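Next up: a single chain in structure tokens, the form predicted on its own.
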């Protein structure tokens, strides 16, 4: 879509009653989020469509090393299951991340296999919807590399990622999943990713609020619908910043 077309669409979204027509316009241009229904649906549609059109493939800000936070904040907690404790006591040697759903070649990657992919490090800010934030260096594999290896099928629209911690699953659209800064992270500030920050594997989505950067990720499912899957829980599905 050209810049002129983007401006025209944004103008249309802002005019003609704004929220009243946001759903119809967003649907026409393929910019309708999965939480478009309900009381706040039109607002969610306007936010998602406007950010997608304005932000596009732009990068989240990356910081110089001296900006790394000395004491990164963490909402402590870990999966309280015997299986997680067993894996942790073995140094997560048996931890696996499944890549399944609408892919040609489903994968089940150990931590060692995940680390065999070309890695990327980025110094970005994790920003929480509750008001806290910190800057850290995150190291991992671009999710796009893993999805490419699995062979995403043409009808795919979303990626759902599951956590070993109950009720922490979430989802993003395929555009965000394929963004070069979206990482399956296993390192933080030059060390293995600490448990307090989601180790051994956390999905890092730096262009969205912290609740999208789910900890303890053990499954990534490619799908064409979010029916029956998580879509933001008590928060908006799209958390762009």
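If you're wondering where the values come from, they're calculated on a predicted model, not measured in any experiment. Numbering follows the first chain given and starts at 1.
FYI, the form predicted in complex with a small molecule isn't displayed, but the following is about it.
Residues within 4.5 angstroms of the small molecule in the predicted complex, judged by any non-hydrogen atom, belong to 132 to 140 and to none of the other stretches in 115 to 123, 100 to 108, 132 to 140, 148 to 156.
Note on contacts: among 52, 207, 179, 202, the single residue with a heavy atom within 4.5 Å of the small molecule in the predicted complex is 202.
The small molecule in the predicted complex comes within 4.5 Å of a heavy atom belonging to residue 168. In the predicted complex, at least one heavy atom of residue 214 sits within 4.5 Å of a heavy atom of the small molecule. In the predicted complex, at least one heavy atom of residue 196 sits within 4.5 Å of the small molecule.
Shown alone here, residue 128 lies within 4.5 Å of the small molecule in the predicted complex, counting heavy atoms only.
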